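Heads up, the chain below is alone and in the form predicted on its own; it's given as structure tokens.
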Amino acid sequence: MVSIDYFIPALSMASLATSLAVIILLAEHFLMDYGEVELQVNDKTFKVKGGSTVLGTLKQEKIFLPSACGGRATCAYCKVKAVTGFGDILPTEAPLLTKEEVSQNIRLACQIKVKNNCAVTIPEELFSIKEFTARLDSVEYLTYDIKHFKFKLLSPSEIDFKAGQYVQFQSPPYGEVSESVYRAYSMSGRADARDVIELMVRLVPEGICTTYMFNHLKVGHEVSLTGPYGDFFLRDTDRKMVCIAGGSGMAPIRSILSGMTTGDIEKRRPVFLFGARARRDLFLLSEWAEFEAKHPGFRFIPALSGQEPGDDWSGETGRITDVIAKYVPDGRDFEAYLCGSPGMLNACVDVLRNLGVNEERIFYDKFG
């Protein structure tokens, strides 16, 4: 048996390191007063209080960058070009930047701070991102861990988005959560229904935002969202379509397909492959059956990878990657639209590429 005395030095060092890190953060927060500085964004200059991240500072100026992870340096969506005023690349940024991006001074806005006069460049379209106030009008369970939320827009009263894009939902402080956080969710409704936003949200165990939405958000509550974001939308071509999703990844695919005209569906003949573990993870089956009946050129193919007793399933089985080749035997004339977990999407991209789908015609939203 190892004596507890063996662990005391290591525990002491860990405690000391943690204490020093906390002291440094507190010192920067309370003692480092950077005063008012200038932040230039493209051709616009803002006088701002120094000390916050570029992401947070821009948000104060009503410029909303995409940030699916809420500023935790995991999604890499908030990239900006650092023109001047920032130091070396941080260890938290390095794994998320390519060599080409490093050479172009691309940085993560959630990690670099505005401490002095500085300048960044962002895509011009981000200036059109808006902040919306909306009221929750309805909510229902789709599965045991996925809910469908329908919000009525109050101010502004309409959103102009492309089917497949996403919004960032702000969850306010609640319980022991002391600050607001943003999380990204794809819109699942039709793009021509501009006065509402529909979201399909899967409960993440101990997730700050999804816990709020599942346990605290009630019909009638008002919320804040920003958007629209993203370049995941239907391309205007004549190619056949294969759509692949799992879980709440159905959201943008539903938005894209429901907005297609009958003529486009007959021409492009989309097939939607939906992966689930067991029958209890399937949802909206009757809606997709009605869509098939209305549009003979469309097919919805659910597949179960791990049936449970009593599932009584006669459809496709196996992982969704095992099913693709059956419906896309020759991918050279296909476009692919995917949404799901990084692991699933990486595997699907490999399969599609091997089937002949040009990688430039594989479009996806990847959620971690």
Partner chain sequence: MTSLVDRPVKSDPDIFETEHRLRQGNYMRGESRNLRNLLEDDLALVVSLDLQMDFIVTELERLYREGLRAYGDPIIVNGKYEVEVREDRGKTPCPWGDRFFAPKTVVSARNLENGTILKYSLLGLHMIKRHGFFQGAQSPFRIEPSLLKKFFDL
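Residue numbers count along the first chain shown, from 1. None of these values were measured; they are calculated from a predicted model. Definition used throughout: the rigid core is the maximal C-alpha set that superposes within 1.5 Å between two forms.
Not on display, but discussed next: the form predicted in complex with the partner chain.
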Seminar exercise, completed: Heavy atom within 4.5 Å of the partner chain in the predicted complex, from candidates 249, 227, 275, 189, belongs to 249
For this session: Kindly confirm or deny that 147, 195 and 299 each have some heavy atom within 4.5 angstroms of the partner chain in the predicted complex.
Result: no
For this session: From the candidate stretches 121-129, 197-205, 149-157, 213-221, select the single one in contact with the partner chain in the predicted complex, where contact means a heavy atom within 4.5 Å.
Result: 197-205
Exercise. Does at least one non-hydrogen atom of residue 95 fall within 4.5 angstroms of the partner chain in the predicted complex?
Worked result: yes
Problem set entry | 4.5 Å heavy atom contact, residue 342 to the partner chain in the predicted complex | yes
Problem set entry | the partner chain contact at residue 117 in the predicted complex, heavy atom, 4.5 Å | no
Exercise. So in the predicted complex, does any heavy atom of residue 319 sit within 4.5 Å of the partner chain?
Worked result: yes
Problem set entry | Stretch 70-93: residues contacting the partner chain in the predicted complex, 4.5 Å heavy atom cut-off | 72, 73, 74, 75, 92
Exercise. Taking the rigid core as the frame, does residue 155 move its C-alpha by 2 Å or more between the shown form and the other one?
Worked result: no
For this session: Answer yes if the Cα of residue 302 shifts by 2 angstroms or more between the shown form and the other one on a rigid-core superposition, and no otherwise.
Result: no
